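Only one chain is included here, represented as structure tokens and corresponding to the form predicted alone.
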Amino acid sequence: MSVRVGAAAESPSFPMAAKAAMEDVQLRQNVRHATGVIRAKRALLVEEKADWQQLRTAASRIKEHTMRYLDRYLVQFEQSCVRAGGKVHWAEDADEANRIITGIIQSHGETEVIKVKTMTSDETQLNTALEAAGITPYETDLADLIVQLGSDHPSHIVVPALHKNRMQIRQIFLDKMHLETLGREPKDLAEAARRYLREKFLRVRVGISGANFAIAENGSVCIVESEGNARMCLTLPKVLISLIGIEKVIPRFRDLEVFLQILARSATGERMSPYSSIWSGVSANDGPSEFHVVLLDNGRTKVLADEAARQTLHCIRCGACLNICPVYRQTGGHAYGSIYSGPIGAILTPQLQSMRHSETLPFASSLCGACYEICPVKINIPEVLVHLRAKVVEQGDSPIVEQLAMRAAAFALAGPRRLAAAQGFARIAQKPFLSEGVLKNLPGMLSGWSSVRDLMTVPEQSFREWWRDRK
């Protein structure tokens, strides 16, 4: 089975990618500014909800229940969707999902598609597969359009072009839309995108969407967004294909009452998303005449089988954990090497890939716990990170130097005499690197510490020695 998560398999390790990102001053400034704005807006709107913690608890319990009985709800969704006139396909992995979607498009003789933001299609690298089959995809979400035209990769779950500032976006539009002039204000950029996309909305006959929620009770699919492009993609094409991860299913229509209150506040700092589109199957003379759902596994059932990490699948893709994470705010999303970045990406990507290609991601965290506190569905990300770190060690995927260092530490910490001997050795070994009371220019892997922070020296007297002399 071929499991794919964006470009993770071809990307450098997180430490290498993060080091390069840290040197990009403009990127760091863009990321810090954008995440800061979203956090401030979210904080104000969460504060006005007296029942915010109760909503978090309710959302967590709905997700926990759904994951426990996921097989039942998936079958119920399929039956309800088919009853409403839709067609349901099951895809075990990325390649199968791409084949199904490409086949549907080709069966209608079409060579173009319009897309409304769907991270699952980025996960399967659907655009690449479509282009290889001679089909041109057009992203219609503004941020995704910026990323596509700039031949770039998304850097945020909710705001994919968060790493670009206004002037960088303007230059992309001038170059790729072949414009002679373009204003510098946000409204000018939005107008240019509107003119570019409107012709495609009216002409292209196949639309591809993702889903925020798929409702088992009645087979409905729900998308929430802020621009109105989803409404155009969902209603104007003759054929609509929705690629949906199996974890997006929720049991009942009334469950939306909980999720629609927490999603917009956590994602974009809004009380409710301006556009909430919900559709079921097909209707005569209204919207698409043909509706397909592709339910994607791509490693999710393996995550489901791991009881300690199953809560990863509760994620509603709000991006709040990215905006609060001190690591993400310094490195941006590209360093994670996957469509899923930030704290949630650090636990989701390694699991979807069975710990291949992304062994360093569980270590891309300070375990400060901020992501857990801000998560609207109470995913204990630090707990899962520790669980995955243990897996990396058990599989022997950690660097050999690190393994030897841990063994040496275990030996030294096994008894007070060994620890005292190790401290005595360290006092002697540190002398060549002493400078102004701190350690600098340490050799090898240790240089990662001394190059970016003041590393304190090993004191001349340990606490045990001080206590012994005091007595």
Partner chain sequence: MKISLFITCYNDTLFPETGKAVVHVLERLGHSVEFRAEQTCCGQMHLNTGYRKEALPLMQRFLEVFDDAEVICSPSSSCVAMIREHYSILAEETGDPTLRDKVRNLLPRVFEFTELLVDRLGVTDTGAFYPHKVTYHPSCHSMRTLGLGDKPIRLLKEVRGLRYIELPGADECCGFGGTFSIKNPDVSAAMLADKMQAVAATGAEVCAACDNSCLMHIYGGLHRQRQPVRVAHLAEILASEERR
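Bear in mind that the values here come from a model prediction, so they are computed numbers and not experimental data. C-alpha atoms forming the largest set that superposes within 1.5 Å between two forms make up the rigid core. Positions refer to the first chain, counted from 1.
What comes next is about the form predicted in complex with its partner chain, which is not displayed.
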{"query": "Contact test in the model of the complex: A390 vs its partner chain, heavy atoms, 4.5 Å", "finding": "yes"}
{"query": "4.5 Å heavy atom contact, E110 to its partner chain in the model of the complex", "finding": "no"}
{"query": "Partner proximity in the model of the complex: T457 to its partner chain, non-hydrogen atom cutoff 4.5 Å", "finding": "yes"}
{"query": "Interface membership of V386, its partner chain in the model of the complex, 4.5 Å heavy atom rule", "finding": "yes"}
{"query": "Segment that reaches its partner chain in the model of the complex - one of 320 to 328, 123 to 131, 339 to 347, 174 to 182, heavy atoms within 4.5 Å", "finding": "320 to 328"}
{"query": "Contact assignment for its partner chain in the model of the complex, among S365, N212, Q311, N98, heavy atom within 4.5 Å", "finding": "S365"}
{"query": "A421, A409, L434, I428 - the one with a heavy atom within 4.5 Å of its partner chain in the model of the complex", "finding": "A409"}
{"query": "In the model of the complex, residues of 413 to 444 near its partner chain [heavy atom within 4.5 Å]", "finding": "L413, A414, G415, P416, R417, L419, Q423, E436, V438, K440"}
{"query": "M456 C-alpha shift between this form and the one not shown of 2 Å or more, rigid core reference", "finding": "yes"}
{"query": "Flag for R418, CA shift 2 Å or larger between this form and the one not shown after aligning core", "finding": "yes"}
{"query": "Core-superposed C-alpha of G437 shifting 2 Å or more between this form and the one not shown", "finding": "yes"}
